[in-house]
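What follows is a single chain, given as C-alpha cells, in the form predicted alone.
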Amino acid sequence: MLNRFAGKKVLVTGAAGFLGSHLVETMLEEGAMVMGIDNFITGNADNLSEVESENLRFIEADVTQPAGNYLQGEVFDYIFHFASPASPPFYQKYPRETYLVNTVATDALLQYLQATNPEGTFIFAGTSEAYGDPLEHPQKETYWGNVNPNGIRSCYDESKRLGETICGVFNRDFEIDTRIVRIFNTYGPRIGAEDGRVIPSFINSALHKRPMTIFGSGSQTRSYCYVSDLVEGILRLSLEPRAKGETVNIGNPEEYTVSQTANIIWREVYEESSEPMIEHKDLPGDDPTRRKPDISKAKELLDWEPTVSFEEGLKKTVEWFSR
C-alpha cells in the first residue's frame, strides 16, 4: 500500500457493513487512525473480526443522534458517511431508519465537522439509485434521474438524493469540503447472504442447488463492480484536490442482463455447461430496467477505472461464500 492516509484521523460510519468494513480495512493498511461506528441494524460484527488493529477504535452508536453525543470532541481529517441499509429487503424493513441516516445524520455529521475541523473532508456514500429507473443510458453525473418520490424504494432513493442536497448546501454556503460518490452495484467477500441483491442471492441459491429467483423477464441490466475497485475509487475521490464539491460515479460499466448473470454464476459454482434452475416472479415496483455508469469523469478526474474482471471477482466471492 501507499500509506496515502498515514497519520490521518478518519471516521467511518457503517463500519461493520459490507462496504464500510472494506473501507476500514484499506484505511488501516494505508496508515490511517480509524474510528468506526455502527449500530448493527444491518452491519455484522464479523465483518470487522479480521481487521482488528491498534489503530482502530470502534463505537456502537446511532449516528442519527447529535454527533457530539458519541464523538465527544474528537477531531477528524476525513469523515466517510457510509451508514445506511443499502439493499431493498433491508431498507424496506427499516424505512424510517434509512431516511433518517441519510438525511438527519448527514446534517449532524456535517455540523460536527464544521464545528471541530472546518478544513476536513466529508465523503458521502451516494448511490446509482439516485437515477431511479433511468431514461438516460448510460448514466452521467449530470443526469437528474427518474425517481418515484413516494414508491416502495423511495425511503432509500430520495433520502440519498436529499443527502446529496445537504452536502451541496454545506459546500456552497459553508465552504465545507464535501464529495459525493455515486456507488453502482458492488459485490465481493462480506456481502451478506441475505442481502437480497442479484449476486449474493444467485450465489447462495447456486451453492444450495435451489432455483435462482429472477424478478420479471430477466432482461433488465446491471453493472457489477468488485469491492476493491470501488474502495480504490473512493480513496482517490477523497484525496484529489480538484474533487472538492464534486459528485462522481464509481462503478464498472460492463453491462449484463440478470439472466446472463444467473448463467455466469451457475457456471462459476459448478464449472459445467448445465443450465441453472430458474424461478420467475413479478418485478417489484420501481425496479430499474437498465443500470450502467458513465465513468468518464472518474477516468479524467481521478485516473480511475476498474481493474478486476467479473470472472475474477466472482471467483473470489464464490470462494468466500463457500467458506
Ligand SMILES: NC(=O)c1ccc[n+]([C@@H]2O[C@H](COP(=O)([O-])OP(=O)(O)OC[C@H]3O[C@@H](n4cnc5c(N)ncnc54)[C@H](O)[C@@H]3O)[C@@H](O)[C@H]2O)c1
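One-based numbering along the sequence shown. Only a predicted model underlies this, so the values are computations on that prediction, with no experimental measurement involved.
The next section is about a form of this same protein that is not shown, the form predicted together with this ligand.
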Interface residue in the model of the complex among A16, L314, L302, V10, criterion: non-hydrogen atom within 4.5 angstroms of this ligand: A16
Counting non-hydrogen atoms within 4.5 angstroms of this ligand in the model of the complex, say which of M35, V63, A32, A262 makes the cut. V63
Within 4.5 Å of this ligand in the model of the complex by heavy atoms, the stretch out of 203-211, 139-147, 165-173, 120-128 is 120-128
Check for me whether this ligand, as it appears in the model of the complex, comes within 4.5 angstroms of all of F82, I183 and R197 - heavy atoms only. yes
P293 versus this ligand, in the model of the complex: is there a non-hydrogen atom within 4.5 Å? no
Can you tell me whether L56 touches this ligand? I mean in the model of the complex, with a 4.5 angstroms heavy atom cut-off. no
Answer for N39 alone: is it within 4.5 Å of this ligand in the model of the complex, judged on heavy atom distances? yes
Closest heavy atom of P306 to this ligand in the model of the complex, within 4.5 Å or not? no
Within 4.5 Å of this ligand in the model of the complex, counting any non-hydrogen atom, which residues from 151-174 show up? Y156, K160
